[in-house]
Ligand code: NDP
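Before any questions on how it binds or moves, here is one chain, the form predicted alone, in structure tokens.
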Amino acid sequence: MSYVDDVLARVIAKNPSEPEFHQAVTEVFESLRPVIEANEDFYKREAILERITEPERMIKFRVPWVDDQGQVQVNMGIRVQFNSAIGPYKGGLRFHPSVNQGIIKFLGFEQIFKNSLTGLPIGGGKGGSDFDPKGKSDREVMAFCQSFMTELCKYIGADEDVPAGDIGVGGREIGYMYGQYKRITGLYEGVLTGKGLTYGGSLARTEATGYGLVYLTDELLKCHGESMEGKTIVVSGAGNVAIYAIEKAQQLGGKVVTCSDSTGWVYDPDGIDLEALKEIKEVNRARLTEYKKYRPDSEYHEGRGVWQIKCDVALPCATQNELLIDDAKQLVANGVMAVCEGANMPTTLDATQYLQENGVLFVPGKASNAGGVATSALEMSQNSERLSWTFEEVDSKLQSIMVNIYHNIDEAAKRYGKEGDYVTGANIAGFEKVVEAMLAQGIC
């Protein structure tokens, strides 16, 4: 049995009931085969694969809080500090009922390579809770966030671990957690990113993941003789990533015709009304069923289904494993040109393989959605310097980072005879930098 297969089998056996983590490790390991097998004895002796799949630290804790009826509620909190070889742990906090140890480990593992690809000095981490902010009052959300941070603050810091937002954690939640961190520690530092502009946040951070996704997609298309101009684009999701991917795609001349949330999806053949979508989701925190009130000629459908719409470009921006093998077959049958991931691992392994085998340009989330964490790192830089850059400065740096990521993963794929395989390119490019740093720092 090869070293890759041996370690993969042990990771799966050692981490039972964590299918998302197994999936993430399998995808990375399959991509790394040509790198590992070229010098297998060395990597095995240094136990590189074992070290990179075992978190440096994992903290799990309870979060008690009181709801509006005076009832005490208890949730689970978790933070996985996966790898700090190239910098302090960096990765979001997710508040959603689906959160469990396996999902946080998969996200933290992916974050190692994503952060490496940005070229910035940030390691990989992730955290969250099974708390659901939907349907909760502001006071309940504040009570939960303050309790969550009362425990988490013991393990984070501006030069140690810098969390950000993710699903269920936006500006409101970041504000409540930052206030509690400052109250307990007495420190006014860049310990969280995604902060409000009045207390250390960065312009363009809200837009960053969606904008970055489209910047990389546009560069991908340009390098294949195409552009976003005039393309029909299908987007899933209706959160920050989806909204600002839609915005930037429209600015570059694309026509986005779908979006979705956890209950259903919208098809608007005339193009998504961005202002209506922002009002529904960012102001009213409502469901997409409201969209027809703004655009009567649009269609609303319950459940899943955005991938059946004919398009040139598909941008999955909702959550993990949302684009399945049947969806991939439908996209290919409809002539899709490119699929770039805005969410973390939204495409299943078999769907990814099908898209690649059928000539679709496919870029994984660890590359294409790295704009969010890249801009978080830019926020950290501004906090350290006690400066605030203009929107244009941050946006320009973001675009440069995303263009460089595309070319780095393209070149890595070509070096190992895998031209056009951007999954392999992303994993190799991210892996090489982290491993070089790990080796330089000894056995730790």
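When you see a residue number, it is the position in the sequence shown, counting from 1. None of the values given here were measured: they were computed from a predicted structure.
Another form exists, predicted in complex with the named molecule; not displayed. Remarks below refer to it.
Enquirer: Mind telling me which stretch in 312-320, 219-227, 293-301, 266-274 gets its heavy atoms within 4.5 Å of the named molecule in the predicted complex?
Expert: One stretch meets the cut-off, namely 312-320.
Enquirer: Thinking of 167, 343 and 369 as one candidate spot, does the named molecule come within 4.5 Å of a heavy atom in every one of them in the predicted complex?
Expert: Yes: each residue has a heavy atom within 4.5 Å of the partner.
Enquirer: Between the options 261, 130, 140, 189, which residue brings a heavy atom to within 4.5 Å of the named molecule in the predicted complex?
Expert: By the 4.5 Å heavy-atom cutoff, the listed residue in contact is 261.
Enquirer: Using heavy atoms only and a 4.5 Å cut-off, determine which of 214, 112, 241, 339 is in contact with the named molecule in the predicted complex.
Expert: Partner contact (heavy atom, 4.5 Å) among the options: 241.
Enquirer: Consider residue 255 of the chain shown here, and say whether it contacts the named molecule in the predicted complex, taking contact as heavy atoms within 4.5 Å.
Expert: Outside the cut-off, so no.
Enquirer: Does the 4.5 Å heavy atom contact test between residue 209 and the named molecule in the predicted complex come out positive?
Expert: Yes, residue 209 lies within 4.5 Å of the named molecule in the predicted complex.
Enquirer: I'd like to check something about residue 281: if you look in the predicted complex, is any of its heavy atoms closer than or equal to 4.5 Å to a heavy atom of the named molecule?
Expert: Because a heavy atom of residue 281 falls inside 4.5 Å of the named molecule in the predicted complex, the answer is yes.
Enquirer: Looking in the predicted complex, any heavy atom of residue 172 within 4.5 Å of the named molecule?
Expert: No, no contact at 4.5 Å.
Enquirer: If we check the named molecule in the predicted complex, which of the residues in 88-104 reach within 4.5 angstroms of it by a non-hydrogen atom?
Expert: Read in sequence order, the residues that approach the named molecule (within 4.5 Å, in the predicted complex) are 94, 96.
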